[in-house]
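This document starts with one chain, in the form predicted alone, laid out as structure tokens.
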């Protein structure tokens, strides 16, 4: 991970002729969004870039309520302390109007006390652990959570795998092994899997993620190979993806379903022969461009602006967070927080993720957005959607190809 300073980047580009002289006397005061992401990780790098892309589009079309929009981004560096300090700085020094961004559950747990202290409208794109939801607590109407909670994800996995097994009878899903990073994200994933797939045989073991200084998965892979599962899942971060595959090949571990569940994948993962046939969970893939005009617009804008492909669903989530706030503020007609919250609670936003987003209560919080992950698979270097079937762009490649390919 690249070393970053706390205020690694201040993305305050104001586009459009209407704001070219924004510093001059009499110019409209900008609406400021404060974002926190782990910028050394692809999820944070591309999530923040996508948020800036949305800001640029808004400014090119007159801003929000005729006011320019600014985005200030601070690097959490995957640290709860630095993530919390970022919220403090954004609230007190940068004086932002909204908080957006986020990825890690562990970092978010460290940020929640500061978020509750300032109570600014928050549109959070990350944190799947139910522990974070419990820490937020009920009756926090300013808090909006886009990413599914772990139990939302688990329920969608049960639904998705059951539907896939019914449609494709040769696919077995009765015996599971989960290798999980030892932090809050991985542990919550394992616990949720045990509960939701309780009628199946499930085993698992933790590992230290390469994102946290680890990177040796041989012991857990040997344990999984001995267990001989129908489905092998690893839950970690993008830094774990290639070494896990390399070490699995080294011990000739090729389960029928090889599933990776990181929040984001390395940008070059699909170019590796190790990717073929790997199944994954996510909320977006470029293949959705064929079924969603909003996805296609976002993708084309991102590639045109940054000369690279978005490689993680946290990228369109960053774009979506900004656009949802913009739509609600415009509908409210002012920056009155109560009016904006009311509009957010009634919003229906056609997103780049291929689905219409609205907010409703979850187990604890009042404003939960997306509740479902998609099941995808790397095929020919691209992520194809297997389920939900209404978004499907391919059929499953099964079983996972052996390493002698």
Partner chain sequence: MTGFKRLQVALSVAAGIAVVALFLWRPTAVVYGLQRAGLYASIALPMALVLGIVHIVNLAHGEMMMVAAYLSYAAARALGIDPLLALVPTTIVMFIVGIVLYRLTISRTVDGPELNQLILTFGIAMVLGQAVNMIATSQPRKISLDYVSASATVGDVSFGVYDFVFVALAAASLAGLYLFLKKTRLGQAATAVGQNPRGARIVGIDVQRTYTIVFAISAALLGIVGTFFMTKFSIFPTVGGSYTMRSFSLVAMAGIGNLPMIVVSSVILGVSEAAIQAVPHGGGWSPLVFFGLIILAIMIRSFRGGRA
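Numbering follows the first chain given and starts at 1. The model shown is predicted, which means the values in this text are computed figures rather than measured ones.
One more form of this protein should be noted, the form predicted together with the partner chain, which is absent from this view; the next part is about it.
Figure note: of the listed segments 210-218, 294-302, 314-322, 164-172, the one touching the partner chain in the predicted bound form, with heavy atoms no more than 4.5 Å away, is 210-218.
The closest heavy atom approach of residue 206 to the partner chain in the predicted bound form falls within 4.5 Å. Interface residue remark: residue 355 is not counted as part of the site for the partner chain in the predicted bound form, having no heavy atom within 4.5 Å.
In the predicted bound form, none of the heavy atoms of residue 199 sits within 4.5 Å of a heavy atom of the partner chain. Put simply, residue 272 is close to the partner chain in the predicted bound form: some heavy atom of it is within 4.5 Å. Contact here is defined as any heavy atom lying within 4.5 Å of the partner chain in the predicted bound form, and by that definition not a single one of 66, 97 and 115 is a contact residue. None of 140, 247, 287, 156 but one reaches within 4.5 angstroms of the partner chain in the predicted bound form through a heavy atom, and that residue is 247. Of the residues given (256, 148, 266, 277), 266 alone sits with a heavy atom within 4.5 Å of the partner chain in the predicted bound form.
Contacts with the partner chain in the predicted bound form, taken as any heavy atom within 4.5 Å, map within 159-196 to 182 alone.
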